[in-house]
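Just one chain follows, in the form predicted alone, and it is written as structure tokens.
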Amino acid sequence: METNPYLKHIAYDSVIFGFSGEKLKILIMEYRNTGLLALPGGFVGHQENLNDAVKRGLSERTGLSDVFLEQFYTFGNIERYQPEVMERILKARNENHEGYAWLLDRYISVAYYALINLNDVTPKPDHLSDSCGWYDVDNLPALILDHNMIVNKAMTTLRSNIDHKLAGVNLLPSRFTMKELQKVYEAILNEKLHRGTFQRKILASGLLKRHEKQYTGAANKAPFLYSFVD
């Protein structure tokens, strides 16, 4: 007998961004014994709020709970319905198709992006996956279904929101230098920014609080540390 513990036809996919100090990266899963790559995603329990389901999935993959999370689009084109992909994943796991027939239904996916400090995370694969790791956003492999399209939409949204949403990000430590912040902007926008122009714009925005200088013992001028205003 088929038992589906989740809402029918509704799924979520998460574009989890992390910053390495130089490059913007995305968390990608590889399904066991298939070579198929995908964004972390999941389903919504019958007695579960959508946002809570996404936070649960994020915590299971990263161990984090307090992160910047933004819903940005809903994907429902008929072309994303490819039951043969899930059949391949289930066969690789030797799962009983009768008990998981609900996974072969058509699903509309609500997409979220999350911003986290890569250094705070040890990625954890789920029970269907061999691995869960970081990939450069500008060098992504082919992903299943419409997941590359989801990533592209997430990047477009992140870039358009960068000035008024960046105050909530977890891409950097709690205190950071202006140079480190500029590198985040450059990684997201995929372009080099003029140092002076960038600093004037950011300082004028009122988003930052300045702290003591970061002394490293080097002969060069010590930079100030900053944090985002609460």
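Numbers follow the displayed sequence, beginning with 1. Because the structure is a prediction, the values reported are computed rather than measured.
Not on display, but discussed next: the form predicted together with a further copy of the same chain.
In the model of the complex, a further copy of the same chain sits within 4.5 Å of a heavy atom belonging to residue 45. At a distance threshold of 4.5 angstroms between non-hydrogen atoms, residue 79 is in contact with a further copy of the same chain in the model of the complex. Mapping the unseen interface onto this chain, residue 108 counts among the residues with a heavy atom inside 4.5 Å of a further copy of the same chain in the model of the complex. Interface residue remark: residue 207 is not counted as part of the site for a further copy of the same chain in the model of the complex, having no heavy atom within 4.5 Å. Distance criterion of 4.5 Å from any heavy atom to a further copy of the same chain in the model of the complex singles out 71 from the list 131, 148, 119, 71. Checked against a further copy of the same chain in the model of the complex, the candidates 49, 33, 59, 199 yield a single residue with a heavy atom inside 4.5 Å, and that residue is 49. Heavy atoms within 4.5 Å of a further copy of the same chain in the model of the complex are found in one stretch of 60 to 68, 37 to 45, 187 to 195, 173 to 181, which is 37 to 45.
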